[in-house]
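Quick setup: one chain, the form predicted alone, written in structure tokens, and binding and motion questions come after.
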Amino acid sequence: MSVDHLPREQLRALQSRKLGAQIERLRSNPFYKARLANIASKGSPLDALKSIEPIDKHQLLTDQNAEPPYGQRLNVPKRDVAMTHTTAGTSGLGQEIHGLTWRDVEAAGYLSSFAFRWAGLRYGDPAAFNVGFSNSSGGNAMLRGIQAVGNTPYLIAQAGFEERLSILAKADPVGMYGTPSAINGLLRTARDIGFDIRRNLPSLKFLLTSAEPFPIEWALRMEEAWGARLFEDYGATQSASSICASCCERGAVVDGQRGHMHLFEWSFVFEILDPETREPVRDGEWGELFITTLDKEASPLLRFGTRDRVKYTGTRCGCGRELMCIESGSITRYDDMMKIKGQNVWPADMEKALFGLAEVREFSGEVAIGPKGRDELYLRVALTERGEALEKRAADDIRAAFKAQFNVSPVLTFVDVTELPQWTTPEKKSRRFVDTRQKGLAQ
């Protein structure tokens, strides 16, 4: 029987065995030694896990800064690290660095393959994805995930949207991965240039997406326009540098309602906890997702708090699997992070960059779906002085700062300060950035 179809009782037994072995491996690890000092060797490891203090991003960064590059949590000799993955965010705290052994690398591909197989990819099928390659985990995990099913994927992220469509027409893929913004932008471009998607991509059966929430109306519209079913996956660099949850064969929208993603519990222990009480949420409730890795060798984590806000939807599905599920298309963050064109960007960092320029007096920002169907960052900026030359210099400074720090090019408009919200009283909290992409995708 495949691990994703294990009965609930057998699945929990597998988790318990793996977790017990992982805890024993980490007892002498300098990062975990104190955390595990009072964990009994006897009894259920799953019960013992609840008494371990959760880990957060700040603790990981403190650890790796004290002993760079991987921190004391590295549980293999440095010579055994085959690949490194970094988190994509520019939170102001820094990027986490996670080491992987060759076994970890191959496991990441194996896990990611479930998302593609559940979506309908089969041996020999061509697939394409809109992911660039860097030290982040996304592109590498998806490449290996498609290869694990049995084919080499078409990489199209390096091209503009029009050229991507041309590559897709030649490749005629069965499936394609892209963020909601990328999928939406490709559709808008196709319509602008008269590219007939259904005629030029006759073999397309599925679209796989992640990284951004989306409205049901958008999902249904994409399925109709592309002639393909929409699926969603979820992954975290901290987990296994791989996909660790995905929609099953039923898809991201089922009978006009949000579907759900199955959590890959055979390789992780997932907890969905109330962020205030740290108690498990019930079916239908929202909570923060915590992840414990069961198989990762180089940089294992116990009870890592993702800060991702997810809706728990139980352990029953029409597909027959008994894995924990979270609602599809609705994952957001408990903090203010926004993902813009694939980059994790925090409003506080953008405010710091703008107000670090002496000529900027005030501003407001909006992340929206632009006229080409892609996500755009719009900035309305008031300067300390007006004038064409001053605006040109300020525009150059702002674009250079945003490109360097966030890899995002904003669309700028200069206005008088009276046209912007005024944040003059302490009881009126400033909210200079708004995200209207869900509204834009629904139109």
Partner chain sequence: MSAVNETAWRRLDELRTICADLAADQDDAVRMFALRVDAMARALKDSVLVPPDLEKDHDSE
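The model shown is predicted, which means the values in this text are computed figures rather than measured ones. Numbering follows the first chain given and starts at 1.
Quick note: we don't show the form predicted in complex with the partner chain, though the next part is all about it.
- Using a 4.5 Å heavy atom cutoff, none of 212, 285 and 375 lies near the partner chain in the predicted bound form.
- For residue 269, no non-hydrogen atom is located within 4.5 Å of the partner chain in the predicted bound form, even though that partner is not displayed.
- By the criterion of a heavy atom within 4.5 Å, residue 250 is excluded from the residues contacting the partner chain in the predicted bound form.
- Although the partner is absent here, residue 341 lies well away from the partner chain in the predicted bound form, with no heavy atom inside 4.5 Å.
- For residue 102, a non-hydrogen atom is located within 4.5 Å of the partner chain in the predicted bound form, even though that partner is not displayed.
- Contact with the partner chain in the predicted bound form, defined as a heavy atom within 4.5 Å, holds for exactly one of 195, 334, 110, 154, namely 110.
- Note on contacts: among 351, 106, 172, 359, the single residue with a heavy atom within 4.5 Å of the partner chain in the predicted bound form is 106.
- Judged by heavy atoms within 4.5 Å of the partner chain in the predicted bound form, the contact stretch among the candidates 201-209, 254-262, 114-122, 162-170 is 114-122.
- Along 1-19, these residues reach a heavy atom to within 4.5 Å of the partner chain in the predicted bound form: 1, 2, 3, 6, 9, 10, 13, 14, 16, 17, 18.
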